[in-house]
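The form predicted alone is given below as one chain in structure tokens.
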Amino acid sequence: MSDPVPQPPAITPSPRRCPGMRGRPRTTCIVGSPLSAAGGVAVTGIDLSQPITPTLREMILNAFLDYHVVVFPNQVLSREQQYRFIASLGKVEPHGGRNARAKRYAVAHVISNLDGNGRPVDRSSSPVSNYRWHTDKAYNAVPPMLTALYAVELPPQGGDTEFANTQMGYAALSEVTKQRIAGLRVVFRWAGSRHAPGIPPLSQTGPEARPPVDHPLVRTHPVTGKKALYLGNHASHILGMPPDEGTALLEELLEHTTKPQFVYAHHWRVGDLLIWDNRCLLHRAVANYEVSRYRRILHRNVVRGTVPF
């Protein structure tokens, strides 16, 4: 039997005066030690199956801005309870897949490694899988601001999710590079790199059929005003740049902003609920377990954001 995963440092929310931030007056916040240099904080003492107060909502959203990833351990949530909590933070978007009208998708989209018969299957080698660095739904004209994942069933060990802080990645770039990439726009589509081997033909329905969109390569956070790199597995090319040059630049920036010093790795426990900021993070699932042997099931919601600028 493997050793238990240690519990992360956790904090209980309590009101206090907080410094102001661009576009958002701060009256209360959650104060605690980050789970890593790249961010992340764990919050205990909240039962998310119950409605939250306006004060607690403000504290959670401020922690979301401060730490980018907020972890709520030891939750017991139905899909409906999860949906209610996330809907208190913003407008929840329906899942856009082929089964969007089914309850399992409308209330909480199921993320799993299971095939149609409920058996674990290894998709980690697919170039369009969640095992690649990405930010959720960047191929939308209005991408989500927040994603929530709730751990329902996990392998005995492994199955982590990693988060790369692209604000830190951008801040660490040289001034020459910052000037070079200022004003560039990235084209995103559901399967960004269609030329990669192993990608099936595009479907005529679902996100695959949507026309490509373009967003700034350097995105400004609408609340904090901080700049972050906006790229990942849905990025196709850079507008107005020769394809090879654009691909090389995107790969170079992706390699830079996913260096270990910019990454928080979350070691899941059943009952963990995570929320994270898609506007300044990339994330990926990690195939550090026997993917075709053990089940990994999580429930997801996303909250509508704003047009990137």
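Start at 1 with the first residue shown and count on from there. These numbers were taken from a predicted model, which means no experiment stands behind them.
One more form of this protein exists, namely the form predicted in complex with succinic acid (SIN); it is left out here, but the text below deals with it.
Here the marked residues Leu61, Tyr67 and His221 all miss succinic acid (SIN) in the predicted bound form; none has a heavy atom within 4.5 angstroms. This chain lacks the partner; the member of Val187, Ile111, Leu89, Ala191 within 4.5 angstroms of succinic acid (SIN) in the predicted bound form by a non-hydrogen atom is Ile111. Taking a 4.5 Å heavy atom cutoff to succinic acid (SIN) in the predicted bound form, the contact residue among Leu154, Ile238, Leu77, Leu149 is Leu149. Succinic acid (SIN) in the predicted bound form is not approached by Val291, whose heavy atoms all lie more than 4.5 angstroms from it. Contact check for His299: no non-hydrogen atom falls within 4.5 Å of succinic acid (SIN) in the predicted bound form. Although the partner is absent from this view, His134 contacts succinic acid (SIN) in the predicted bound form, with a non-hydrogen atom inside 4.5 angstroms. Taking the partner from elsewhere, Asn140 is found to have every heavy atom lying beyond 4.5 Å of succinic acid (SIN) in the predicted bound form. Partner contacts here mean any heavy atom within 4.5 Å of succinic acid (SIN) in the predicted bound form, and among 240-248, 35-43, 279-287, 48-56 they occur only in 279-287.
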